[in-house]
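Below, in structure tokens: the form predicted on its own, a single chain.
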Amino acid sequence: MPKIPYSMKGIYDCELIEQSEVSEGVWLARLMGPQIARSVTAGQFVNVQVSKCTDPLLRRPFSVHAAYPDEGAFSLLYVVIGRGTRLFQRICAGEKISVVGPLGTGFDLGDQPHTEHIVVAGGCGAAPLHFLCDALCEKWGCEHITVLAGGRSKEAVLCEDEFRSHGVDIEVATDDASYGYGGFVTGLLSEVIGQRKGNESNIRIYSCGPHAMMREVARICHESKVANCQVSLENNMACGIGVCTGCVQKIKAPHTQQGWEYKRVCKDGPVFNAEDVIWE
């Protein structure tokens, strides 16, 4: 899979425009950062300093949910699950936040105008995939895009209204069968691919979500002979710039003696071809 060039990153003081809780424990932050908004590509992320002091020492990575280059703004969608995200959630509008970005390599949108694009989102994995839909719609038109959004329950499905506002086809899956397809979103993916039998070579799949979900997406694509399947990995990142090697992932490498090598998710990814990932 061709890699999107690693963008020129920088450190910027970005003003927090607003924060709002869009679902229980899920927050949307909008920041003013013209340099990031104008250079970030779908699938990239930023590293945010969530405290003015050195505790916590490390920045926190957040996928870019949307970019508004004309306004010089971008947004981050995140779940409050730990100390870092709790500190971020408490930052008030008008405050300046130190942000490093854009970081990582993004999605490859392809070069064929009649390709069908299927986007598979699990939980907060919807964040970078929302930005991806923006990019796909701009390049190819929304009529060629299908979004499959999954969550534990109806309340846990994120960005549904935003996806619908794009004009893309969207189907929802809930683990508890409270809304839409009853079961995992990967089961829905199997059905959708089955409906397109014989046309697998014309499909591109993009996915982000829990590791187990993406592993199953990769398996389904392999068995269904869908050659192009890209996944955005969410390994724990520390430095975010490829120095600490704390987020490495085993990736197939036929040129090496052992047949694999470690790649840094923060810099070599986070987007990889699913066929190249050694899923464990």
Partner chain sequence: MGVDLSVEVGRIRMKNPVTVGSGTFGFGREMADFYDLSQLGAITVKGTSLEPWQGNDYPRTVETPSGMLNAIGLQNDGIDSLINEKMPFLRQYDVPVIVNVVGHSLEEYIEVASRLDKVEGIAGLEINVSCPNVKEGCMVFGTTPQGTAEVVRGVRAATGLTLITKLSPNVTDIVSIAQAAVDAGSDALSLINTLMGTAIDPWARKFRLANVTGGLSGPAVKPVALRMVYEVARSVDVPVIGMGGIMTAGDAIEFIVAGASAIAVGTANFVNPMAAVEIIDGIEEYLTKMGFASVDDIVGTVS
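Predicted model, so just to flag it, every value in this text is computed and none were measured. Numbering follows the first chain given and starts at 1.
Just so it is clear, the following notes concern the form predicted together with the partner chain, a form of the same protein that is not shown.
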Spell out, yes or no, whether the shortest heavy atom distance between G25 and the partner chain in the model of the complex is within 4.5 Å. no
Touches the partner chain in the model of the complex: P34 (any heavy atom, 4.5 Å): no
Indicate whether the partner chain has at least one heavy atom within 4.5 Å of a heavy atom of G246 in the model of the complex. yes
Close approach of T41 to the partner chain in the model of the complex, 4.5 Å, heavy atom: no
Mind telling me which stretch in 236-244, 66-74, 26-34, 222-230 gets its heavy atoms within 4.5 Å of the partner chain in the model of the complex? 236-244
Non-hydrogen atoms within 4.5 angstroms of the partner chain in the model of the complex: do Q49, T54 and Q258 all have one? yes
Just give me the residues of 114-140, first to last, that have a heavy atom within 4.5 Å of the partner chain in the model of the complex. none
